[in-house]
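Presented as structure tokens, the chain that follows is alone, the form predicted alone.
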Amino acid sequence: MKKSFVIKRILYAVFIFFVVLTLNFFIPRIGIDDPAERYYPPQGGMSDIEYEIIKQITREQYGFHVSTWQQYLNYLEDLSQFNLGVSLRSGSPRVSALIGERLPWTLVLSVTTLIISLFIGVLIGTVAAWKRGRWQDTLLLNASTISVALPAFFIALMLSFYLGFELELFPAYTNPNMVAQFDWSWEAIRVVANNAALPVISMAIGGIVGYGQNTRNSVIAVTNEDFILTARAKGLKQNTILYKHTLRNAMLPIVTSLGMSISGLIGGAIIIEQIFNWSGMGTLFLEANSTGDYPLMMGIMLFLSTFAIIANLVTELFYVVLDPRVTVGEKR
């Protein structure tokens, strides 16, 4: 891997990060003169002077008493110290602390879904490609067509109704005490797995079909290459041809798909979390949006964007490791 290529990709990622950071700061402030206005107490028996004093104290507390550009500079200074700011919630908790509380629960869903989707999807796609034109291949193609018409939230609603309410195989809604009572005991882990079953299944169905379809197409494309025909002519075993030659060279599109999945790993479960009342990052963002908690919204969006940028950068670099011709193409 050429150092120049790595440096260019890193600099490009840094540039994108600053663009996202700037948009993340200014977009929530469009059309808003005073973001802290809704947090001022009602006048009640206070005089106008007393109320103005309270307003000024509140604005100074959250840093809204200076110009927007000065707020932006203060925002950059705080980020340089890894400080995402203070939430407008009662008690003024730190944004990083709120994200730290919810992030593990989102990862429970997202990472589990990714592992299941990748493993089963690649397996099914490989079988479908090797059995091209047979019922395995036809089944995958039909499932791919159906999955396009059925978004994850619709599948989630159906699973919640039939498996949750009708058959009562799994909880239709997450136990609200699950997060507070988790203590790493086997019983706590069992409760989490039981509550996570329907959300994971809802997201994994589309992921399995997607990875399966990508794997099938990639494997079929590779099987038509000359080196595969040569391997068959030499009399190599089918398993050797499949696993050592075909899959190894069919990994590039799968890695691309995996990188895209990882970049949306945390932010991709917002609707699913809301449907099943799962206390993750998606639910936290919706709570911040409904209450106008700008620092919390900005912190969540910046965290998700940074994660996506880093994931895309790692995917590009790993892609080059698998296929060095990528750097040659860029040089041209």
Partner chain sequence: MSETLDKKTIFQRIGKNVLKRLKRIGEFLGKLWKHPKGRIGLIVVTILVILAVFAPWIAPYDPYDVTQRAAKGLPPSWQHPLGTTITTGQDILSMLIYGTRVSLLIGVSTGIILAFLGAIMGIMAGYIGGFVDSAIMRVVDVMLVIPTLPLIIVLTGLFGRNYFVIVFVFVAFGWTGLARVVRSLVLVLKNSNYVKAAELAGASRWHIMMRHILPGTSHLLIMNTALTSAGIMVAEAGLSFLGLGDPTAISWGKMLADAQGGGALLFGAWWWIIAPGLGIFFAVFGFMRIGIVMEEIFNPRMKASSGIYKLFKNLNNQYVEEVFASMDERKLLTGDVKPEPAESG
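Just so it is clear, the structure is predicted and the values come from calculations on it, not from any experiment. Residue numbers count along the first chain shown, from 1.
One more form of this protein, predicted together with the partner chain, exists but is not displayed; see below.
By the criterion of a heavy atom within 4.5 Å, V14 is excluded from the residues contacting the partner chain in the predicted bound form. The partner chain in the predicted bound form is not approached by Q70, whose heavy atoms all lie more than 4.5 angstroms from it. With a 4.5 Å cutoff on heavy atoms, S185 does not count as touching the partner chain in the predicted bound form; it lies far away. When contacts are judged by a 4.5 Å heavy atom cut-off, M158 counts as touching the partner chain in the predicted bound form.
The putative spot formed by V19, L23 and L286 is fully lined by the partner chain in the predicted bound form; each residue has a non-hydrogen atom within 4.5 angstroms of it.
Here the chain stands alone, but in the predicted bound form its contact with the partner chain, taken as any heavy atom within 4.5 Å, falls in 159 to 167 among 159 to 167, 203 to 211, 106 to 114, 73 to 81. Looking at 63 to 91, no residue comes within 4.5 Å of the partner chain in the predicted bound form, counting any heavy atom.
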